[in-house]
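Quick heads-up: it's one chain on its own, the form predicted on its own, in C-alpha cells.
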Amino acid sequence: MATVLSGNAAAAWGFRLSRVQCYPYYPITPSTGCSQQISRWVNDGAMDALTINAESEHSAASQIIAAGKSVRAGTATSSKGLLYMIEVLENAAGAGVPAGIFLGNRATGAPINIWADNTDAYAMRDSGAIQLFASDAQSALDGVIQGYRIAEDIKVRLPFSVNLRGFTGTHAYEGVEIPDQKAVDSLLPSYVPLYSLFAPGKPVTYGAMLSAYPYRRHKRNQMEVLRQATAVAQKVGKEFGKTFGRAYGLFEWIGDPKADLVIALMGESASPGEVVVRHLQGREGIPGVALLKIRLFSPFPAREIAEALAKAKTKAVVVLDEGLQHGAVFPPLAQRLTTAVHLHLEGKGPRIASVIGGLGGSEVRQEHFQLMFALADNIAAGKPVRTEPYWLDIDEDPIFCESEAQVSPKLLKKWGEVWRRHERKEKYFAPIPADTHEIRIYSRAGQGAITSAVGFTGAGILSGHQLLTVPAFGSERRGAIITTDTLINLNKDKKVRSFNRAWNAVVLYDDTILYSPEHQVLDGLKEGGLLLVNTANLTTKKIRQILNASESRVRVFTVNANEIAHRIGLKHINMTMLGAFHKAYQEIPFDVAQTYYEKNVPRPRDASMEAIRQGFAQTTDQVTIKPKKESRLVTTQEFLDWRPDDHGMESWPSAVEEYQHG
C-alpha cells in the first residue's frame, strides 16, 4: 500500500533507508522539509544518525566531506544554498567522497525568485558530481538509494545529487511505495570507507597541494571515473528493478519506437508531455512522436542518447531547458545533446532546436508540448531553425509568429524569415480528452486546507485511484488567500501528473472569497461543476446571485463549517470541510474514506472524525436554507503566530508512525 508523502519526505525516506549516518544541514526553501523530517526521525530515535545544524550551506557541504571519508553522509539544499556549496563540492569530487545531496531545484536570481527551475543544478554541472533527475516523489526516493550505490562503487567514488523540481515536486503529495529496509540493505551494503579520516594506524593526507604534472593527471583520472558512472548507473538501475519492480535507465524513451519528432527534457515537467505524446500517437497526418526523458545529466550519456536517436531514425529534436547558461550558444541540456549528436552521428543525426521554458516556477503545460511538436515537424521538413533558443510564453518572442505586430521589431528583423517560413500546424493542437478530475481549494493561509487535501489524497489512494495534491506557496501572509489543487487520475493504467486547470469542483473555506476581485472562483470550473462554500449566512440562491451563475452553470453546496468546528471544540475547520466535500463530490466513496480517516486523522482523532461526519451530514445543495448567525472561531495570538512548514508531516501522523503501526 502506498503512503502519502511529499517529495521532500520521499527524499528523506531515501536517506533513511540508505542508512545515512551523518546529515549536516542548513535549511533553505524548498528543500527544508527533507531536513526537517530527518531531524525529527533522529530526535524520535527512528533513524540512527547524527544531524548537525550547520551555520551555513558552505559548512554543511564541508561537513559531509569530512564525515564522508568515514561514514555514509548526506544533506539537502536548493538555489543559492547550492551555489554557496559549490566551492566545497568540487573538493568532494576531487577527493573522491561519495556523499549525497538532495536538491529541491529552484531559481537562483537575480531578481529574487523562490520557485522552480534547473538553474541551480546547471550551476554545479562542472563540479565533478553525478547528477540524477527525478520526475516525482517515488523516483526521488529511489534515486537517493541508487545514488549511494552508484557513488560508492569502487569504479566511481564521487559525490552525487538527486534533483526534484521545487514545490510542484518537493511539496506535492502523492502515493509512494516505501521499500522494505532488508531489501534496500541487500541492494546497498554498509558503507566501506577506503581511507578513513579516523584511522591513526593508517594516517593519510587530505587536501594536499599538487603541482602542475600530478594535478593534471589527477584531473584526467577524475574525469575518467565520472565517465565510469554511466555504466554503473545502468547496472544499478536494472538491479533496482529486479528487487523492487521499478527499473531505471540513463533515460526513458516514451512514445513511438520510430519517432520522427522527439522532445528531450529532464524531470517532472515531462508529465504533461507524456499526456500529449499519448494523444498524438496514431493521429492522422502526424508522424511518430516521443519524449526523451533524460535521467542522468552528469556524466552525460552522449553515445547512448545518440544511438537511441539513430535507431529511431529521428529527424528533429526539440530540447526543453528549464534553466540558463548565460553567454552560451545553447543552454546546458541542448548544448550537451547537440554535441552528442555531432560527435557520434557525424552529421547524419536529427536537426536540433533549443527551447527555454519553466523558469522561475513557470508551468510547462500540455499546450507547450503541442507547440514544440509542431515546431519539430517544421524543422524535420527542412525549414530554417533559429540558432539561438526559442522561448515559451514570451509574447514578443513567440515560437510561431501569428501576428508580426506583437513581435519585438529587433527580433522580427533577426528571425523574421524563420518565422514566416514556419507553419503552426493545427493537427497538433486538437483538444486533449481529460483522463483526470481536478479540484481547487481556495482558503486562507492557516485554515488547514492543505492538511485536508493531503488526507483526501490518502483516502483516494486507498480507494484504488492515483492522486496528486499540489499546494501553491509563495510570500503569502497569515490569512491571505491561497490555493491547493488535487488531481484524480481516472485511467488506472497510466500515471497522470499533469493538470489541465479545468476544475470539476471548487471549494471555498471562507465565503468572503466570493467577493475577491483577484480570485474569480468560477474561472476554470467546468460547466455543471460543483462549488462548495463554507458559510453561515449565504444560501445557495444568494451565492448564485453573487456569481451571476445559473443552476446549469454550477451546482452549489453549503456548509457552516465554523459552527460545527466551534461546537466540537476544534481550532480548524479543515476536517469539517473534508467531510462536506465528500457529500458534494462522491467519486471517492465516503465509507472507504472513513476507514482511512479513522486511522490517520490529526489529533484529537475522535473530534476530527466527528467533524468529518457532521460536515458530511450537514452539507446541503438546497436552494433555500435558513441563514444562521455567523459563528467564527476565536482568533488567538497562537493562531496568528503558528505557520505550518509541511502539513503532511506535521498535522497528519508522520511517515514514521504510519510505518511502525502499519
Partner chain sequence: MKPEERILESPNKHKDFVVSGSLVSIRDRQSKLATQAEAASKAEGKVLTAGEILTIEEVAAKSIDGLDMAKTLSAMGDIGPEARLFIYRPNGKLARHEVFADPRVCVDIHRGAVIENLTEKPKDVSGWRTHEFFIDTKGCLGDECGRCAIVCPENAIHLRGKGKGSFHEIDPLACKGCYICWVECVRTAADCILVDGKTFDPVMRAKHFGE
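Numbering follows the first chain given and starts at 1. Keep in mind that this is a model prediction, so the values were computed, not measured.
From this point on, the text means the form predicted in complex with the partner chain, which you will not see here.
None of A183, A199, A381, A480 but one reaches within 4.5 angstroms of the partner chain in the predicted complex through a heavy atom, and that residue is A199. Scanning P193, G529, P398, G524 against the partner chain in the predicted complex with a 4.5 Å heavy atom cut-off leaves one residue, P193. Segments offered: 162 to 170, 221 to 229, 324 to 332, 507 to 515. Contacting the partner chain in the predicted complex at heavy atom distances within 4.5 Å is 221 to 229. Within 4.5 Å of the partner chain in the predicted complex, a heavy atom is found for all three of S70, V156 and V204.
Though the partner is left out of this view, G360 does not reach within 4.5 Å of the partner chain in the predicted complex, counting heavy atoms only. When contacts are judged by a 4.5 Å heavy atom cut-off, P257 does not count as touching the partner chain in the predicted complex.
At the 4.5 Å threshold, heavy atoms of V385 stay clear of the partner chain in the predicted complex, well away from it. For K541, no non-hydrogen atom is located within 4.5 Å of the partner chain in the predicted complex, even though that partner is not displayed. Contact residues in stretch 206 to 223 (any heavy atom within 4.5 Å of the partner chain, taken in the predicted complex) are Y206, A208, L210, Y213, P214, R217, H218, R220, N221.
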